[in-house]
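Only one chain is given next, in structure tokens, and it is the form predicted on its own.
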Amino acid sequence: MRLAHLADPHLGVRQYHRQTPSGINQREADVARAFRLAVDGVIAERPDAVVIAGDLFHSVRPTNSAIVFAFKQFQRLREALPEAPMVLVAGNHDTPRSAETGSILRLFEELGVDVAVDEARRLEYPALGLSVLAVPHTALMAAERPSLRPEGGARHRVLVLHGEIEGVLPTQRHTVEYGGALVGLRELGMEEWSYVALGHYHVQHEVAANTWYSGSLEYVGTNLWGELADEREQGIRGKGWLLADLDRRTVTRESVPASRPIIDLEPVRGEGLAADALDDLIEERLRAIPGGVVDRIVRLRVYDVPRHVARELDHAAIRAHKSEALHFNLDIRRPEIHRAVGVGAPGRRQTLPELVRDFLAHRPLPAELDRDAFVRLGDELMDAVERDVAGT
């Protein structure tokens, strides 16, 4: 019994400003390509069942082109695997805020896909000896959550959900997408399941031998540099999906080739350097990229650069690099300023993101709000603003 586990395609996401010759946002096209390649891989492996653990679309109201593309890919899957169950749960990105708003995910029921949008669904496939509990984002956010434990005597019991497993994921770089439901390990009852297919965290991650995040198929999160760092720390190379053999209890990573390199360059230390020396170091870093920056996503951090030195940099050259790259983030950071605090104790002036974080951490909140999630949202918004400013 083999199960294909995909999650977080985020079809329809738009990043940066470059368009394809046909007028589609380039990153939207990259994300669509990744999903198509994943479907190619699933068809080639011919699993017995397929699950998609949330965030098929990046928004509740995806574009017509994204909807048509997704429908065609599911149609390909159905034609190639006519007997295979296909299960799709709604993630936080493709869940309507209002109960009165319909979900586009129900469209895929026309192709025989079992979709869980509002409530948890227990799905039985007797011919495969398979039972699936599909838990969408809305069900996890409800005042009374459904039981996340298996029922019945099926040989293979699979849980599919979209959420954040408490105490498991790295949060220091804020690489976990905001808005996910928090699920406790005890609540999950991993040992009772044949396999737990998770979505929401965009890096492939083994929670336990039978419990995995498959990760996203492209870099679509708010902090792709943090995702790269998480992948390096966990020894993971790139994106993909998972093929779980429920009889052998093995999980195989199936890669999806990236559309373009995403390069985080070694930072430049600018303390004490004049603008022309910094210009030379920036050029040196960029020239060292095999093939250059053309059509790539590149970040270069430059530390300890006073404002007046930053103004004197060769901005014409910087703009030229930005025009060549799909996205070039020249992240120039001013020196940390130390000053006296209180009665002469040395202290460091807080950065604006730190000030915002401190304010949000102590601001009075309604009892029903999750403070950690509230602070994390503020961090993500500040990060987005800083990226936008750096890109201007």
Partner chain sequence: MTAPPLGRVVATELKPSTPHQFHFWTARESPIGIGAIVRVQEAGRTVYGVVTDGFAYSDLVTPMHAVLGADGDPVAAGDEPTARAEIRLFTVAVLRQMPEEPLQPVPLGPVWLADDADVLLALRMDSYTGGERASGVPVGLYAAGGLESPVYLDCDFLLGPEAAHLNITGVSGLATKTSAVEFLLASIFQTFPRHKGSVAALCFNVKGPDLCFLDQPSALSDEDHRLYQRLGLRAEPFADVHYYAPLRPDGVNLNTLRTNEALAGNTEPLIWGLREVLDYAEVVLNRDDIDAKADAFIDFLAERVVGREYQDDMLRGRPFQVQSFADLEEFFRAIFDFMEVLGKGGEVWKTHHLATIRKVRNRLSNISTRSKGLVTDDGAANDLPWGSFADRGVYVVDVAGLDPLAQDLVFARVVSKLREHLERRDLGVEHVVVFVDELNKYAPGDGPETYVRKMLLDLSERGRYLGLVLFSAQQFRSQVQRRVVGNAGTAVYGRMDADELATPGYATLSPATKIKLATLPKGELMVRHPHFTQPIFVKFPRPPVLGGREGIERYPPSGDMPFAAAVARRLRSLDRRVSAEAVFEAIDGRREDDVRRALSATRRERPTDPLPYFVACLGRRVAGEVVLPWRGIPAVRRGEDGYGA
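Numbering follows the first chain given and starts at 1. In this text, all values refer to a predicted model and were calculated from it rather than measured experimentally.
The following text describes the form predicted in complex with its partner chain, which does not appear among the structures shown.
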Partner-facing stretch of 180 to 188, 239 to 247, 268 to 276, 224 to 232, counted where any non-hydrogen atom is within 4.5 angstroms of its partner chain in the predicted bound form: 180 to 188
The unique member of P290, G153, P257, P82 whose heavy atoms fall within 4.5 Å of its partner chain in the predicted bound form: P82
One residue of L123, L281, V294, L107 in contact with its partner chain, assessed in the predicted bound form (non-hydrogen atom, 4.5 angstroms): L123
G112: touches its partner chain in the predicted bound form, heavy atom cutoff 4.5 angstroms: yes
Proximity of N210 to its partner chain in the predicted bound form, heavy atoms at 4.5 Å: no
L133 within 4.5 Å of its partner chain in the predicted bound form, heavy atoms: yes
R299: touches its partner chain in the predicted bound form, heavy atom cutoff 4.5 angstroms: no
Contacts with its partner chain in the predicted bound form - residues in 143 to 168 whose heavy atoms fall within 4.5 Å: A143, E144, R145, P146, S147, R149, P150, E151, G167, V168
